[in-house]
Ligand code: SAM
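Below you'll find only one chain, the form predicted on its own, shown as structure tokens.
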Amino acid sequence: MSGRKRFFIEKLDYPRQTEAILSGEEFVHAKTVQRVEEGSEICLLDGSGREYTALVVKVDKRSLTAHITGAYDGEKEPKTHVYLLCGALKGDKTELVVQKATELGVSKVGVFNSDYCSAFMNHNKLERLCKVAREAAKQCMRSRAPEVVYFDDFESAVKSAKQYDNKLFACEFADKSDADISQISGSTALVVGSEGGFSESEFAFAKSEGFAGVTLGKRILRAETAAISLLSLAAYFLGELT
């Protein structure tokens, strides 16, 4: 099953629905990059956690039709819900964070603006991040792509993690960690800043919302390194990398 080319599609109603039409960017990728043709066996993903084996029966100029031959539950999805909140980064660094976060099993990514953030987001950039998440999900054999959202202000981003069991805030000016990351269990939210870091008032606000400050060692890490490192540690101690 893993050898089949994988493509995201709108939600399917299988077994009531036995045919699926692939169009848009996913069709273009299937036809021009993956060279899918009539008779090819593919795997369709509708974001539900189910995976659908299908046989391509028709390829047109703008879409292809596939006959669904079976369905099964994906085995690569994380058992624990992890939410990464990351300050917007310059250049394509935010894309790198979204890509690696997807590979590490994150369920949701929130990108936010903050006091010392010098990058900016727009609709096109957000769409690009969603595409990066989908491509990374296919590459690492996940059944779902993580949701990617944007917050124009730091406070809204922090408040969006209210329901999580663990809330950890990577702070470069904290003297020591207020929580033991090796002891976490359950749903987890992680906050990492942009290249400019956080202000004291932002750290204070996060703590008032239940976040515990954590350090990542005595060296100052690049923002993208900090995000990937903290997420890797959390995934390991939550049992997602074992």
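Residues carry their position along the shown sequence, with the first being 1. Remember, predicted model here, so these are calculated numbers, not experimental data.
Keep in mind the form predicted together with the named molecule is missing from the figure; the text below concerns it.
Between the options V109, C117, C171, A133, the residue in contact with the named molecule in the model of the complex by a heavy atom within 4.5 angstroms is C171. Residue heavy atoms within 4.5 Å of the named molecule in the model of the complex occur in exactly one stretch of 54-62, 178-186, 192-200, 34-42, and that stretch is 192-200.
Using a 4.5 angstroms threshold between heavy atoms, I220 counts as touching the named molecule in the model of the complex. Under a 4.5 angstroms non-hydrogen atom cutoff, the named molecule in the model of the complex has T215 among its neighbouring residues.
In the model of the complex, the named molecule sits within 4.5 Å of a heavy atom belonging to A226. Counting a residue when any of its non-hydrogen atoms is within 4.5 Å of the named molecule in the model of the complex, there are no hits in 129-147.
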